[in-house]
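In structure tokens, one chain follows: the form predicted on its own.
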Amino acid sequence: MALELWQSIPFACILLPLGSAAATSVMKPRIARWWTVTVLVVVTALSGIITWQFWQGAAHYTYMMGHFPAPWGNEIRAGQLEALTALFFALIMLLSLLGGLKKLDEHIDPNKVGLYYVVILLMTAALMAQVYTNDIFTAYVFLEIMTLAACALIAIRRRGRTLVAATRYMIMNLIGSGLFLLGIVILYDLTGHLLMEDIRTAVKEIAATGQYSQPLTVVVALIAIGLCIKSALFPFHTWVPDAYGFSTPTSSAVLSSLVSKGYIFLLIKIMYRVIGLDVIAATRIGDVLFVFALVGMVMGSISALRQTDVRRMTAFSSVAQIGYIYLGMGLGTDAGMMAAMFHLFSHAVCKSMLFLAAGGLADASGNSKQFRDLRGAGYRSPIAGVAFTIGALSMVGFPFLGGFVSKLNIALAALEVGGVRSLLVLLVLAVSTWLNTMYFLRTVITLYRKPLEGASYPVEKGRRGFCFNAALVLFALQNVMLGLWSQTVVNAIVEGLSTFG
């Protein structure tokens, strides 16, 4: 059956930034900047169009890339969940770039600024491919592109700490990639397929016979642990503070909100479409994720509470928030997966805003990120102060913001499970929220306290221009919209998950 024009949007969202990355490499920096922004605007608009089509009742579909069927061919699969995820990813990428544009020339060698935009476009193409591909090996290829692009985003800032951070990131992520690839190799040996739906059919037959239960458990463990390492689930998070804390503002925003979420989305896709939740439950891997998530929620928050640097505090907060997502996944139910997906969106929107706002507040405080120097920064950089406050309140779980709905969904999913697991979730959720409140409230109070005696900071240093302010305002609006119109997003996630397998 012939496809309609809008059904080619997933392919365009992958190919446009991928092809533009090659073209951008030979452009002058100023042209490359606005070309990259234009491409991201187009990808965001296309993602909005296809999301609207699914909201209007269009059915999910797959189509073959090229002229050859499996196992030589490739497939793209688009549905409501993929379209919504692509829209969030594209919009966050666009706003993260706009919010950090002014600092790129300061942080990056002028001869390398053009390469930065190449990396941003490669990252966008890889994210779109992770969302839409229906071939597990293609997912691995773009996973590696995303890993290399992320490493470049860290290392491109010429500082000793960023080179160390990039090295640690590369080592940890290559271990994760190796485990993931090994899992794919064994899975291919067991099933003989690379297309996700074909693998799912074969896995069902294997699970029914019980003949290869141990190899299948090993496959699930390798893939899950590999992606857990790459997405910084506790205790695989040691590379996070330096990678997020010493990168450029755009790099920190992209790494914390998009890169880790791309890996998690791929894992959710594999759970549903490749392995199946019933097989995952039989292997008990979900229980391991559940335990790591519970510990990560508390330990990440404790580490954040001990920091005196606002960006490192925000980075450790990400470790705790990744735990929230894996907690929903570890429950092993559709309600838990819905809660995990909603928190994935909520955290992605919020964390980008927090890192961008923290950069603006530091600029208004003599380029210092220490809490003692941030006193009064909320007045010196008002929009950044308000944006950081909204993000902090959302992370704490203040009503009418996305973070509140996330925590409510996780609690309701846990109550649906019942038993000891439910009590553990509610207890750790309460402890983690209390710790969130302590370190985020301390930061917000600091932003509006009287500066230290004798301290003087030029007000103009906190002014980062129209793009920075516009990005923060739009991020803040997204946070509010996720809180006030959460049911629309929840319904889309539920419907998308119902057809995901």
Partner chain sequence: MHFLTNYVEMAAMVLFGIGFTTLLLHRNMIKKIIGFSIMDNAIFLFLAAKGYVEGRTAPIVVDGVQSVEAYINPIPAGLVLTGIVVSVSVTALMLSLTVRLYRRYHTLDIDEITAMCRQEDDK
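Note that the structure is predicted; figures quoted are calculated from it, not measured. Positions refer to the first chain, counted from 1.
The protein also exists as the form predicted in complex with its partner chain; that form is not presented, and the subsequent description refers to it.
- Contact between residue 431 and its partner chain in the predicted complex is not found at the 4.5 Å heavy atom cutoff.
- For residue 282, no non-hydrogen atom is located within 4.5 Å of its partner chain in the predicted complex, even though that partner is not displayed.
- Remark: residue 178 counts among the residues lining its partner chain in the predicted complex, judged by a heavy atom distance of 4.5 Å or less.
- Interface residue remark: residue 194 is counted as part of the site for its partner chain in the predicted complex, having a heavy atom within 4.5 Å.
- Checked against its partner chain in the predicted complex, the residues 288, 174, 277, 424 give one hit for a heavy atom within 4.5 Å, which is 174.
- This chain appears without its partner; in the predicted complex, the one residue of 207, 383, 417, 164 with a heavy atom within 4.5 Å of its partner chain is 164.
- Stretch 132-140 is the contacting one of 324-332, 132-140, 405-413, 347-355, since its residues have non-hydrogen atoms within 4.5 Å of its partner chain in the predicted complex.
- Of the residues in 185-203, those that come within 4.5 Å of its partner chain in the predicted complex through at least one heavy atom are, in sequence order, 185, 186, 188, 189, 194.
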